[in-house]
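As a starting point, one isolated chain is supplied in structure tokens, in the form predicted alone.
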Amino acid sequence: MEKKTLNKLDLDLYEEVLDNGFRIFVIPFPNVNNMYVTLSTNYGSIQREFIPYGETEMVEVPDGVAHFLEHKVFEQKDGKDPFEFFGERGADANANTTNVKTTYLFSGSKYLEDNLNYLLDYVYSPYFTDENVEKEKGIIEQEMRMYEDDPYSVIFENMTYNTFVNHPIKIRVIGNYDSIYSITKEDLYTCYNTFYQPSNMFLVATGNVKPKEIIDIVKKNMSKKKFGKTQKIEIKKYDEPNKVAKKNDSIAMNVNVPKVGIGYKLDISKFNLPFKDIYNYISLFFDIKCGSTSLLNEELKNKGIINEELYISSVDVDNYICFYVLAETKNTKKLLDSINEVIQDKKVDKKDFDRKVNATISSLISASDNIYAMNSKVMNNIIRYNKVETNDYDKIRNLSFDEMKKVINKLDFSNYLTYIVKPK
């Protein structure tokens, strides 16, 4: 077991790698009662073309399989409901799928050994049949329709679709109606056997937990299971052009006030900087220009163009970082023009930069008191960098205003798109 200190956060991280490649990360919080445990696989919606476990030829699976698989992992041969098991022990359980990972989790204050063993048992006991796969399709269709009624989900998903030309990150995590109804149990087993190898998975425990206890429980549980030989996972690479797939788009929905979004697809392939630094500089730039405390946000409110804050989100893959600015307005053209005008003007004041850096550090320190936020930090670090960053505080503090200006001045903000949700 290796111990690391998270610098300036008064937290220790314990890491253990099992013989089968499975990794365990534990951050104890001595002054809390609750615990939060997540079990994740490096598998999400973008891994749609790959060489299956034990085979040699590349295959393509239907869109939405990773999310469908997340649903069906809860199906147990003995008929037990994992949610009921955790509920009887005072724990909350859930799961989620993103573009790049699938996570199964529980949180509670008691019965750690029971809950942790059961988490490992049900995730590593796949049971897919023609009947239970067919039954799930209607359930997922209802979930899809729920998201399609949320205008901001529609904007984000459709903007991402229109941003990318070739990369499967453009595809909705949940898939589409045709793809969902084409999924078979064979598709699920193909993806499960390939991506649910222990060497492609990891567990993160935060809260009122003891590292040795967590590691011992996992080791004992894993020793009773039979896993195949570890195989390197080969995934198709995509050639993504430096352009958006569709410049302008809109849709009519049941909304009273239009919702709009403008997104920038930024090529970072020519920068000789760590990805995290590039991302931080661009994120700070958008926060300064369009964040809740920006001059633009205040001006748009004062003029009655927006009633709520501008909302910023991002997505990144390979050589591209994409930032989206979303809002509700009755004057769509004025809003989009105003946002684009401040973004195209790349000038940033050092006082604003310093203020945002300090705010980022404050958020980091605040998150260090939260078992859920720190669990998420570890998960995201492993998925993105394959290691946990232990020195975030100093890295943020050492961000350079001059370096930021160089990064921003090299970026092409003319590569953008817009999306509008109009009232029917």
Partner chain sequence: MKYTKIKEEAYNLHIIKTNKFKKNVIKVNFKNRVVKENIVKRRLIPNILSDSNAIYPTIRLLNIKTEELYNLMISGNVTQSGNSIITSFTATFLNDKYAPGLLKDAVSFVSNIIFNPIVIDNHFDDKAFKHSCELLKEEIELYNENPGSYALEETLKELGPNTPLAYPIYGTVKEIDSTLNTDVYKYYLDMINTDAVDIFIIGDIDDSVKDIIKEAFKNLKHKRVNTKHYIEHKEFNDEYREIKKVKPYNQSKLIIGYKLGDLTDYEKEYVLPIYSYILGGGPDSRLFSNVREKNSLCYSISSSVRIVSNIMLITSGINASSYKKALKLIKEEVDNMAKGNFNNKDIEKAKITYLSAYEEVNDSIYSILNDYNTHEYLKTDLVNIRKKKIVEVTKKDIMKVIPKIHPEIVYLLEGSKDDGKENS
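These figures come from a predicted structure and were not determined experimentally. Residue numbers count along the first chain shown, from 1.
Not pictured, yet referred to below: the form predicted together with its partner chain.
- Here the chain stands alone, but in the predicted bound form its contact with its partner chain, taken as any heavy atom within 4.5 Å, falls in 83-91 among 83-91, 162-170, 197-205, 121-129.
- Although the partner is absent here, residue 45 sits far enough away that none of its heavy atoms falls within 4.5 Å of its partner chain in the predicted bound form.
- Mapping the unseen interface onto this chain, residue 49 falls outside it, with no heavy atom inside 4.5 Å of its partner chain in the predicted bound form.
- Looking at residue 306, you'd find a heavy atom of it within 4.5 angstroms of its partner chain in the predicted bound form.
- The closest non-hydrogen atom of residue 301 lies within 4.5 Å of its partner chain in the predicted bound form.
- Comment: its partner chain is not present in this chain, but in the predicted bound form one of 229, 145, 247, 77 has a heavy atom within 4.5 Å of it, namely 145.
- Think of it this way: in the predicted bound form, its partner chain has a heavy atom of just one of 189, 275, 238, 177 within 4.5 Å, and the residue is 177.
- Taking its partner chain as positioned in the predicted bound form, none of the residues of 216-248 brings a heavy atom within 4.5 Å of it.
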